[in-house]
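Presented as C-alpha cells, the chain that follows is alone, the form predicted on its own.
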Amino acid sequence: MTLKELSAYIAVEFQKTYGRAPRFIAAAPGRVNVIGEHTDYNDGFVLPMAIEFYTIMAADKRLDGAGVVTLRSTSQPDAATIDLSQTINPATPKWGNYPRGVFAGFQARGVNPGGLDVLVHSTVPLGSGLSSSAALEVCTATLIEAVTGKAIDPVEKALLAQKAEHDFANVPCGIMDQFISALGREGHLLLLDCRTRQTELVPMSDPSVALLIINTNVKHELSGGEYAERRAQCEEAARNLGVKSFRDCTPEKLEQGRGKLSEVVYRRARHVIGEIERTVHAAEGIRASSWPSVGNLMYASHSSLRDDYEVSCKELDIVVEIAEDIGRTGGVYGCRMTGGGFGGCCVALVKADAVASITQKIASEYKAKTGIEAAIFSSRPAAGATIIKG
C-alpha cells in the first residue's frame, strides 16, 4: 500500500477501535542496506535506503483526560499502556517497549504529549532484517512531534530512537536503522559516516533500475556470540595494527601488518577495510548511474562477507548464485546478502522492466534448491519519517 492508502486504512481501523476519527497520523519506513555490512561498529560508512514499507500510527487525545497512553496494534493481541505521570520503565507486553523507550526519551527532555489513544499498523516484514523495530521507534517519535507541535532535529530523533532500543529492548544496535528511517528522502539513498554521524543524500532517480529484496525466510539459530566474537576480532586487529579503528587503515597498511594477526583476524580485517572502500565507491557509482560497477561491488561485498567475515549461509549464497546465473542479460546487475547474516535477506540491483521475470526465476529456483518459499518484493528509495495528519 502507498502511504496515502495506508493512511486511509489506519484511519478506518482507528475509528473501529476507538469509536472516533484520529486527529494525528505519522509514519516511518523500514530499510534495506544496499552496501556497507559490519562497517558501522568499525567507524566506517553504510549506504542504506528507506523502503516502501512503513509503520504507521494514528492517535487522538484521550476523552477522559487521563495522562495515560494506550497503544493497540493491528498485529498484536495485547495493548500496551504508558503512565506519563510516572517514570517510564520496560514492561509487558514486550512489543510496547519500543514506543515506551521513545516516550521515556521525550519525558527526559521535558516533553509531555498528554494521554493518547494510539493504533499501530506495520507493513514492514517482522524479523526479516528490514528494521521493523527502528520504524516503530521513529514513527513513535514523529507522532509525539505531531501531537506536541515540537519538532526535534532529525539526527537527535534518530539517536533518541536508538537509545530507546538500547535501554528498553536491550538491543545494542548501531545508528544506521534509525538514521535512515528518520532522515531518508524519496529517490535517495543515505551515505552515513558512522564515525562523524554526518549524512549525505545520494540521488537514485534513474527509473530504469530498482532494488529487489529477497527474504530467504531462514534465520539460523547459532550457538551465540558470533557478532560479539567478530567485534572483538576487529578490535584486536585494529589494536595490533596500531589504529583506532579500521577507518584509519588502508589495504596496504593491513598487508604490512599481516604478520601481527592470526589468519582469521586478518580475514575479518580484510573484509571491513575492503567494505568501507566498496561503500564509498558504490555511492560514487550510484551518483553516476554506473549500474554495472555498482553491481560488481555488491557481488564483491557478498564474497567478502561469505569468505572473510563468514556470516553468510547456504540459503543466502544460493540466492546470490541464482542472481549471478540470471546475469546482466537477464536484468541483474548485482546481488548480496544484507544485514547481520546467517539468514534474512539479500538485496539485488536489477533492471526495473525485468522485475517480474527476475522475481519469478529467483522464487522458483530457490524453492527447487531449498524447499523454502522466498518472499520477494521490489522498492524504490522511499521517504523517511513523515507527519501525515497533525
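Start at 1 with the first residue shown and count on from there. What you are looking at is a predicted structure, and each value in this text was computed from that prediction instead of being measured.
Beyond the structure shown, there is the form predicted together with adenosine-5'-diphosphate, which is absent from this document and is the topic of what follows.
Listed residues L160, L192, L136, A237 were compared with adenosine-5'-diphosphate in the model of the complex; L136 is the one with a heavy atom within 4.5 Å. The single contact residue among S245, Q233, S128, S312, judged by any heavy atom lying within 4.5 Å of adenosine-5'-diphosphate in the model of the complex, is S128. Although the partner is absent from the chain shown here, Y98, V120 and S132 each have a heavy atom within 4.5 Å of adenosine-5'-diphosphate in the model of the complex.
For the chain shown alone, Q76 is a contact residue for adenosine-5'-diphosphate in the model of the complex, at least one non-hydrogen atom being within 4.5 angstroms. Taking the partner from elsewhere, E165 is found to have a heavy atom lying within 4.5 Å of adenosine-5'-diphosphate in the model of the complex. From the list 252-260, 297-305, 198-206, 120-128, the contact stretch for adenosine-5'-diphosphate in the model of the complex under a 4.5 Å heavy atom rule is 120-128.
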